[in-house]
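In structure tokens, one chain follows: the form predicted on its own.
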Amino acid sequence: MADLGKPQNTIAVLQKYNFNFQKKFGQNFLVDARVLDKIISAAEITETDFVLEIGPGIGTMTQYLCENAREVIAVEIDRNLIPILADTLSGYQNVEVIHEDILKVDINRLAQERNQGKPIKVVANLPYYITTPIIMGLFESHVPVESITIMVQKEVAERMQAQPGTKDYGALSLAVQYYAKPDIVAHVPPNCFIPRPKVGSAVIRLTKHRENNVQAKDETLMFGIIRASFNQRRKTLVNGLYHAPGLPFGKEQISNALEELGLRPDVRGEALTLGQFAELSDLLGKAGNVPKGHFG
């Protein structure tokens, strides 16, 4: 079976099927065996693992996963890739391709049926526009996930692991770090893909916290406060939260909560740690502050 980690084999498959890249799906196929090996290594795939792959493309990473995992489910949205995957994966008995939008797949059911409900490993090469909805969907629905190892735009990976006070720190940093520990494991230049993207990429591994280091009493409220804090970065936290649609807090209420946390009234969102956002959310969300069902 042709190793798709070699560019000439990928080109041969694309020509055989006269494949046209779909811009709407952000398709860039990885053609570098060293990077593929790094992803397998970073994801710590072993022969006992059940792996969910999101966006297999023509099956390049899927081949490597099949060689290392017990079982692989690959979810592909582009119907034109389904017959190609049937061809490139025909030599493997431990893989199933599902033609579906990953946001509509019942991953909890897959984990129950294929992995006895134990945490699964997720591997993906994600286009920019869908990265955040997929990752947050996996975390917020509390799917049993051990780790998510993904190829994303370099700047997105940097935002995921950014720390307070830096220019990359924002709502995505906080959302990811609430649920997982992010580690960039490889930087991948554009020449590792067909077609070449305009920007560099990175492989980042998100290791799910076994127990959240930080816990908010109302996660939905906390994330509402975080989003409002970064919607207009130049505003102070008091003004950002006061003017945010859907947040029912007065300026005095917000100032008092910040004072209770030992923070200045002119503090900006990018200065707060995840723990401070959780505490602020708990203070503002005390009984009576937030109408019941307001953030449901």
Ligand code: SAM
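Quick caveat: nothing in here was measured; it's all calculated off a predicted structure. A residue's number is simply how far along the shown sequence it sits, counting from 1.
We do not show the form predicted together with the ligand, though everything after this point is about it.
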Region of this chain that lies against the ligand in the predicted bound form, out of 96 to 104, 220 to 228, 198 to 206, 177 to 185 [heavy atom, 4.5 Å]
96 to 104
Heavy atom to heavy atom, is residue 78 within 4.5 Å of the ligand in the predicted bound form?
yes
Contact with the ligand in the predicted bound form for residue 241, defined as at least one heavy atom pair within 4.5 Å: yes or no?
no
Examine residue 125 and determine whether its closest non-hydrogen atom to the ligand in the predicted bound form is within 4.5 angstroms.
yes
Report yes if any heavy atom of residue 28 sits within 4.5 Å of a heavy atom of the ligand in the predicted bound form; otherwise report no.
yes
Exactly one residue in 110, 130, 171, 214 has a non-hydrogen atom within 4.5 Å of the ligand in the predicted bound form; which is it?
130
